[in-house]
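Below, in structure tokens: the form predicted alone, a single chain.
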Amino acid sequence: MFNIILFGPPGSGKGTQSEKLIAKYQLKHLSTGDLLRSEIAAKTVLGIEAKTIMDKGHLVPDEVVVGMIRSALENNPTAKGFLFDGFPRTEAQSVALDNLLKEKNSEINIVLALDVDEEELVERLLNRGLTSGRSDDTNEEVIRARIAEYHKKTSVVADHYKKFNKVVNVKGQGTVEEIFIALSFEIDKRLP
């Protein structure tokens, strides 16, 4: 199993690149937001627990999220690997994910971090805001706050995986194809 964490601030092109990587490497996309919605819709034990917590306005605890990821791994035994999106977000989640993958005789193989300078991100998001209908993409102050929050939160996850020499920064500026080629190059170097 080949497992990737894809990082990038809002507007870095994560969604676009995720789709391309999933198609090329036949990976299973694991988005914690999608997993939560799916478990809630299926009314699983974890889904009911998550909904109860969310309905009270609380964040779903790590154990519940890790439980959902465990289910996703177990429900996809023939997967060639997984692309983790939106998880882990803390060092504790990183350690929990590492432990879970170790149980499955697997690991995170690479953490790809898309680097895009802030002015480019702001411009991309403001442009996206013209057509996306997302109100958080129309206000420059909100956009800059989201970018700052991203850097504050994800730096601890990057620091965790840097200890294992797994973090690769990839220039997230250029054409979609140029960025995809750069990401693929880094993955190909590490494929068994």
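These figures come from a predicted structure and were not determined experimentally. Note that the rigid core is defined as the largest set of C-alphas that superpose within 1.5 Å between two forms. Quick note: we count residues from 1 along the sequence shown, nothing fancier.
Unshown form predicted in complex with ligand AP5; subsequent notes refer to it.
**Q** If we define contact as a non-hydrogen atom of the residue within 4.5 angstroms of the partner, is residue 170 a contact of ligand AP5 in the predicted bound form?
**A** Contact with ligand AP5, no.
**Q** Taking ligand AP5 as it sits in the predicted bound form, is residue 93 near enough to touch it, meaning that at least one heavy atom pair lies within 4.5 angstroms?
**A** It does: once ligand AP5 is placed as it appears in the predicted bound form, residue 93 has a heavy atom within 4.5 Å of it.
**Q** Can you tell me if residue 130 lies within 4.5 angstroms of ligand AP5 in the predicted bound form, counting non-hydrogen atoms only?
**A** Because no heavy atom of residue 130 falls inside 4.5 Å of ligand AP5 in the predicted bound form, the answer is no.
**Q** Report yes if any heavy atom of residue 146 sits within 4.5 Å of a heavy atom of ligand AP5 in the predicted bound form; otherwise report no.
**A** The answer is yes: residue 146 has a heavy atom within 4.5 Å of ligand AP5.
**Q** Quick one: from 28, 124, 160, 166, grab the residue that has a heavy atom within 4.5 Å of ligand AP5 in the predicted bound form.
**A** It is 124.
**Q** For the heavy atom contacts within 4.5 Å of ligand AP5 in the predicted bound form, list the residues of 160 to 192 involved, in sequence order.
**A** Contacting residues: 172, 174, 175, 176, 179.
**Q** My question is whether residue 65 is one of the residues whose C-alpha shifts by 2 Å or more between the shown form and the other one, given a fit on the rigid core.
**A** Residue 65: C-alpha displaced by 2 Å or more between the shown form and the other one.
**Q** Align on the rigid core first; then say whether the Cα of residue 128 has moved by at least 2 Å between the shown form and the other one.
**A** No, the C-alpha position differs by under 2 Å between the shown form and the other one.
**Q** Based on a C-alpha change of 3 angstroms or more, tell me if residue 46 and residue 109 lie closer or farther in the predicted bound form than in the shown form.
**A** Here the pair is closer than in the predicted bound form; there, farther apart.
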